[in-house]
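As structure tokens, one chain now follows by itself in the form predicted alone.
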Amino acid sequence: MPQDRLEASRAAEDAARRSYGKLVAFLAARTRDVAGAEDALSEAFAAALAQWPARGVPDNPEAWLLTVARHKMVDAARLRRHDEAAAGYFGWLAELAEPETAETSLPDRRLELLFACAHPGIEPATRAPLMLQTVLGFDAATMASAFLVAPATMGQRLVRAKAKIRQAGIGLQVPERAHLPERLDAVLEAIYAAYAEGWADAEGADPRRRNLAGEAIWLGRLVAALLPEQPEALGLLALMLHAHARRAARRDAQGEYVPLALQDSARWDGTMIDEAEALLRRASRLGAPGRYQLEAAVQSAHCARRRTGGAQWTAIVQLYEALHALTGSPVAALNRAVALAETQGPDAGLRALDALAGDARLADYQPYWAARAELLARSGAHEPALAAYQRAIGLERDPAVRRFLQRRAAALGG
């Protein structure tokens, strides 16, 4: 690829990774047309790849993309609205054509768009995926996996949701403060899903996921600042900070996966953990425990190893019991079984896992098979353990984790 074209391609990729959600949010905030904003931005990126190699990369790629995308939206609006009332049409165009630039006016409107996508007029099951695609650029296939539906189903839901936003004229701005709490659950769900997606890229090697965890924490901070009396907003931020504090310890010097129990706690970020603990205490004082607070408390119990040398396994079992009772999540039940093995031995953990064996949601869930393999191996059932390890290895996408599982299987003679 010629150097100019390579430079232009890299600049466009950097702009997309850095500002895609911001640009869509900015465009859609004026027009209330998320799908139209995405289409216009896509055309702007195509124009950039065609023009930048010859003309050079502009000083502010985001501002260039925003200007071109806005012009594309105006053109599309002229074609689409030729039969609408002239007054409304020209007013709409005037709003769109206001001469703001990304240099001076590109705010972090992702938060506005997050709350807009949680509008009660949008189907509840679609709200979080719509946020993830619109604000953070997730594709339908990724979200389908995360939300356990078929990619085609997810794609159809998103198309319907965007059409409804435009046709119903759903406002894309932060609602009145009194209405924020009723939309909070979907916003928190989307932020946590974004964090989980970024967390899965432990080495930061995937351009699509790079910085995603940091972006999610930033959005979590915005929500917590906007709603400081909402314990679950504080709980989610505490949860993400607790997990993020261990990020550097998840790989050794050779880039190999290190499970939580074997991590060097000296490599955990103590400042981040202290902030998480303070947030969790604030949330607890508000007297309304919820999913994110419980998950953050589990992380806190693990982080106790930093001070005492050991995790608080009894507390972890109780917290996962409460989490499962609250959410019915099979993942919470799975984690409870693992914790139970730490307090009562591997046979107790295996009995708890056996109770989950018929849950179809866990049939292709790698952590279930990895946990089963580990407990079978600890109980001396090597052949069944090898079979479980092979199942886990086949399901794992992270090469480092796959190598770890292969080493564990090899230690059993597999």
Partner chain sequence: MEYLLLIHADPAGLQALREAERSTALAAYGAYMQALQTAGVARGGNRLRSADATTTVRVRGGKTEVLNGPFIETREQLGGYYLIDVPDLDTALSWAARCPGASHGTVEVRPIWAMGES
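As the structure is a prediction and not an experimental result, all values here were calculated from the model. The term rigid core refers to the most C-alpha atoms you can superpose between the two forms while keeping them within 1.5 Å. Positions refer to the first chain, counted from 1.
If you look for the form predicted together with the partner chain, you will not find it shown, but the lines that follow are about it.
- With respect to the partner chain in the predicted bound form, the three residues 242, 274 and 281 uniformly fall beyond 4.5 angstroms at the level of their nearest heavy atom.
- Stretch-level contact check against the partner chain in the predicted bound form with heavy atoms at 4.5 Å: of 187-195, 288-296, 336-344, 149-157, the positive one is 149-157.
- Within 4.5 Å of some heavy atom of the partner chain in the predicted bound form lies at least one heavy atom of residue 391.
- Taking non-hydrogen atoms only, residue 15 never approaches the partner chain to within 4.5 angstroms in the predicted bound form.
- By the criterion of a heavy atom within 4.5 Å, residue 39 is excluded from the residues contacting the partner chain in the predicted bound form.
- The partner chain in the predicted bound form is not approached by residue 359, whose heavy atoms all lie more than 4.5 angstroms from it.
- Residues of 391-407 placing a heavy atom within 4.5 Å of the partner chain in the predicted bound form, in sequence order: 391, 393, 394, 395, 396, 397, 399, 402, 403, 406.
- A movement of the C-alpha atom of residue 123 reaching 2 angstroms or beyond is seen between this form and the one not shown when the two forms are aligned on their rigid core.
- In contrast to the form presented, in the predicted bound form the C-alpha positions of residue 322 and residue 129 spread farther apart by 3 Å or more.
- Compared with the form shown here, the Cα atoms of residue 123 and residue 194 move at least 3 Å closer together in the predicted bound form.
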